[in-house]
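The chain below stands alone and is given in structure tokens; this is the form predicted alone.
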Amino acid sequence: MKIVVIGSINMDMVMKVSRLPQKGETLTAEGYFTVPGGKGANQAVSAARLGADVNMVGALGNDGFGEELFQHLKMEGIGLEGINRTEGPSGNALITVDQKGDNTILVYPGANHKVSQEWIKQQEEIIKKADWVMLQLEIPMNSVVTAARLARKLNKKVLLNPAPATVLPGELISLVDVVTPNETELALLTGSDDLEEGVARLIQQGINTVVVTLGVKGSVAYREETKISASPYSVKAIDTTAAGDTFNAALVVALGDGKELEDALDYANAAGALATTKMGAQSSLPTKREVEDFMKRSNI
């Protein structure tokens, strides 16, 4: 099972707080640490820990964070031929996490905005060897479209995680096999606050499978006339950072391994839930064994 993830790589600076700050308010953080993050890198590392053969396409700066992030991805066994080392700072994010596990995230793109269309076109040989291509929206939109266009030309399956939420070009929607918005992102994508109506609009635009993540309510998938719901797993959430990225990676790994959509949703729900039980982005990502053991315990 080979996956190419094209997207962002960040260093997350995480502050633990008793509650999220209000406008104009200064709070004293109860803890602070840095941990590798970025939606693209999170999904790449998660897929690798779940057993996939992963290559990452993205960009890192020539700062200290850039070298640290590069070495971390290398340690995770991810192919790095598609990483462009650029001048200037790497991407980073400032994250606050409260005692309930809720968070706010402020992202500085840095090198991620230098993932150009030209750089992606140069990665055709890497993409050609993949089964799936995973995309998000933390690199320039024209680069995301170029990546989807190239993947379609090479007959690769494409999953788009439309986050951060924004309006999508019509061409991009037509090039995607699976799209995975949460409820807020779905409303932004479609202009409808009604889940069923929003999903119908995406399917009408040519997407084969729409998977909506529902947080503590689990997830639901729509494929043509079929609706599949997957129940959530009960955990004590500490930090929800990267839970969505874990869900996406697990979904692709499961589908790539031949699981039916219903079973793939269940597996993704379990992996995403586990990711909320630890602090940080990539520090929270579970392994294949951890997910399988968790599912067995939950089904007893």
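Everything numeric here is computed off the predicted structure, so don't read it as measured data. Throughout, we count residues from 1 along the sequence that is shown.
If you look for the form predicted together with a small molecule, you will not find it shown, but the lines that follow are about it.
- Only one listed stretch (62-70, 23-31, 234-242, 266-274) carries heavy atoms within 4.5 Å of the small molecule in the predicted complex, and that stretch is 234-242.
- The listed set I126, I78, I95, L175 contains one residue whose heavy atoms approach the small molecule in the predicted complex to within 4.5 Å, identified as I95.
- Only one of A221, L202, V107, L168 lies close to the small molecule in the predicted complex, with a heavy atom inside 4.5 Å, and it is V107.
- Contact between L285 and the small molecule in the predicted complex is not found at the 4.5 Å heavy atom cutoff.
- None of the heavy atoms of V291 is located within 4.5 Å of the small molecule in the predicted complex.
- Although the partner is absent here, G58 is not a contact residue: none of its heavy atoms lies within 4.5 angstroms of the small molecule in the predicted complex.
- The closest non-hydrogen atom of S46 lies beyond 4.5 Å of the small molecule in the predicted complex.
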